[in-house]
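Form predicted alone, single chain, as structure tokens, below.
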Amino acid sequence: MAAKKNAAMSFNQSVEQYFDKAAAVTKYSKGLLDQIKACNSVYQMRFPVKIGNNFHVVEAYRVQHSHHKTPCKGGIRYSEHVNQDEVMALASLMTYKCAIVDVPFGGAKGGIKINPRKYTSNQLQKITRRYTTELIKKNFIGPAIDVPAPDYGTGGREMAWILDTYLTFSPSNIDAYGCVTGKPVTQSGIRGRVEATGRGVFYGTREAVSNKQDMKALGLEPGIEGKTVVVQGLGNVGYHSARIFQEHGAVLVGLAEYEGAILDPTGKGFDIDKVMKHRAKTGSILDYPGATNIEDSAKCLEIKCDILIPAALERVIHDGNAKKVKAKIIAEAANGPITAEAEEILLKKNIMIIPDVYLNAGGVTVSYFEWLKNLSHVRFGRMDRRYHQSASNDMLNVIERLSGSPATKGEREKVVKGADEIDIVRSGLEDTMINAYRPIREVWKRNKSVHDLRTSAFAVAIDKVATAYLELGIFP
């Protein structure tokens, strides 16, 4: 009977099970824990949009999980699989994610139930603008209320449409550009946002695999260089994860997209950019020169590797395929790629799971930086870049004079370079991911009731959200 119940567990129920497992090792009252777990506001809407000569009724959602801090924050996804349960689960994860990386937002999420590939750009713009209008009417969007961002099926283009629609209704709001993040740089976006989630996946994984003791338990050497990696999903997150891992010496032995997967039989690894050029030219990653085709893309999850990066949709690793996973580490770039029942199987196999609730927080971290930029109305680096460059140049001149040895042109450029916005963003993201992992590992290693990183991460998140509520005086 238990097996049947687990098999029917929804995405939101899985997240709640993770929460309950972590809540059991905390000290907080049931009332407070119930408040943290519950979704505060769920807005389900249906609106008509004229497509050609017909009207289509579009189903959409916006869920605000927590108001312990405001504004709420979370992406908007376009997928024909969108439903209320999924959006509630994703909003919950956003609350815990923001808490883990010390981003002062409550969690939220949105979704429109469409397949964006079936619509033209003009049709998608109509749908996006109408969705934004519905959010405005119910006060579900604003720089101090709820700040959307890109997610699966959306990007900078859709965020620009949302911004423009919001500006139409709030032309006098001086902070209006902070109503949405993930915007194009030309629309007050921030450099580094597009790659942020993928780069965060790299920083978080690198921190996890740097621990000699933890890697010894897996039969691995510490560090990224030389590790074999499989990436499932080559969208924004998967592509940038693969690219940055490759840049730091990892070997991409398997890649997968919805049309299929490819395996490198040589062991030398794929060049991700060459694979993407092949896909742009042929419409598929299959038949890449020298690669072995795997028609069923889900089979890539079973390729033997050091690090498996599921970077597509949720629940791709389940009790039906978990026993076949041969990775030593699973780095969850996607939201909820492993079901609760599958996780039990994987942990028994001594597979280290770096959880999504921590690992893919790079996107919301840099969204936070973008929001701060929009509220401050100044680009990072604009005020002090030249000052630091001049000061570094003067210092180097003094060192050269005292040492009698001039620096080369390349050395001088490297030493005196002032930080641009992209440098500051990457530095802030790296610092965030490193500092966020340490308390997670500490709870994992010191609390005898905690046996995995996910439970530890949830426990850290619960502690931070609970502390916020207690400081507000809402709970005794």
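Bear in mind that the values here come from a model prediction, so they are computed numbers and not experimental data. Sequential numbering from 1, following the sequence displayed.
FYI, the form predicted together with a small molecule isn't displayed, but the following is about it.
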Tell me the stretch among 343-351, 244-252, 89-97, 112-120 that has any heavy atom within 4.5 angstroms of the small molecule in the predicted complex. 89-97
Would you mind picking the one in 332, 151, 158, 195 that has a heavy atom within 4.5 Å of the small molecule in the predicted complex? 151
Which one, 261, 230, 209, 364, lies within 4.5 Å of the small molecule in the predicted complex by heavy atoms? 364
Please tell me whether any heavy atom belonging to residue 199 falls inside 4.5 Å of a heavy atom of the small molecule, as the geometry stands in the predicted complex. no
Is residue 238 a contact residue for the small molecule in the predicted complex, using a 4.5 Å heavy atom cut-off? no
Does residue 75 reach the small molecule in the predicted complex if we count a contact as any heavy atom within 4.5 Å? yes
Residue 339, heavy atom within 4.5 angstroms of the small molecule in the predicted complex: no
